[in-house]
Ligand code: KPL
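First comes one chain, alone, set out as structure tokens in the form predicted on its own.
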Amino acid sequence: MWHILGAGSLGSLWAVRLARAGVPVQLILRDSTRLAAYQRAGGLTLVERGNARLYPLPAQTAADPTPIQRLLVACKAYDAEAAVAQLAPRLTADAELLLLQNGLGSQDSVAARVPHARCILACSTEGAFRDGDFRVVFAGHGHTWLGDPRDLSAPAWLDDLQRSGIVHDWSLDILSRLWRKLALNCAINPLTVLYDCRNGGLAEHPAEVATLCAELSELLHTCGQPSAASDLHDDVLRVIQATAANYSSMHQDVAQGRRTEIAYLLGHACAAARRHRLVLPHLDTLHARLLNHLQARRLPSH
């Protein structure tokens, strides 16, 4: 049984694909109000290639007493620790958690909350977004890397992902993947918010992008992640071009008045630089500008 915490875009996408491959899944929703709303909706709706289909998957709340052996944590980075703490009494002695959070920092907090559980980290490039309550649009097939820095052995349940069509690899260096994705996000997302533009709009700010990439590369080397720094600027330019028509996830959050994951992206990068006594003036300035921007819109800055 896969218990899936978080019925957002990625959590719903995984839940539907696992279930239709015959893998038993159980959604865990925030409270009885959300559960009632889910039951009124009749299940999760997945839109693929313009076709919408309803999947009436079973759901429960965190208060349900059923033991949990395998838990996919698909909520936002800032909600992950508290959500997992609520479920901690239900975790079995051999429980495994698969953490699908953006950025870095939340994974360590979750692991500290449930020290007996195995925490597997994930880095995904899959595209999905919600266009309604319990309704998700599958925007583009991507790739998911999974790994465990403390135990390099691959779990047997990767077969479930294979059957479900979730394209994945078991990575022996998942932290490098996560640092690389964090650096890409730091170079792109904050600027799209500050300039209120699609990703492609950053082509008009080449010097700023290049300077940020240089500082982020320095940070990655200092943090012991040289492979994550390799050709970072070229990769950032490639992503900007390939996703030119898209709004970044952080831009979407700000535009819709939602809390961002800044603390686990740019905030984490700046905190790591301070720990290493590394002076990165452009990254610090970007962080300060973004914090001011969020505060001016009465959005949380952490």
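On a predicted model such as this, the values are computed, not experimentally measured, just so you know. Residue indices: 1-based, along the sequence shown.
Omitted from view is the form predicted together with the named molecule, to which the following refers.
Quiz item: Considering V209, L161, L184, L91, which brings a non-hydrogen atom within 4.5 Å of the named molecule in the predicted bound form?
Solution: It is L184 that has a heavy atom within 4.5 Å of the partner.
Quiz prompt | Heavy atom within 4.5 Å of the named molecule in the predicted bound form - residue from I188, I174, L232, C223 | solution = When the named molecule is considered in the predicted bound form, the option within 4.5 Å is I188.
Quiz item: Even though the named molecule is not shown here, does C270 get within 4.5 Å of it in the predicted bound form, heavy atoms only?
Solution: No - in the predicted bound form, heavy atoms of C270 and the named molecule never come within 4.5 Å of each other.
Quiz item: Just to confirm, N199 within 4.5 Å of the named molecule in the predicted bound form by heavy atoms?
Solution: Judged by the heavy-atom cut-off of 4.5 Å, N199 is in contact with the named molecule in the predicted bound form.
Quiz item: Is there any non-hydrogen atom of S249 lying within 4.5 Å of the named molecule in the predicted bound form?
Solution: It does: once the named molecule is placed as it appears in the predicted bound form, S249 has a heavy atom within 4.5 Å of it.
Quiz item: If you check in the predicted bound form, is V239 within 4.5 Å of the named molecule, heavy atoms only?
Solution: Yes, V239 is a contact residue.
Exercise. Counting only non-hydrogen atoms, choose the one of 176-184, 211-219, 150-158, 112-120 that falls within 4.5 Å of the named molecule in the predicted bound form.
Key: Going through the listed ranges, the match is 176-184.
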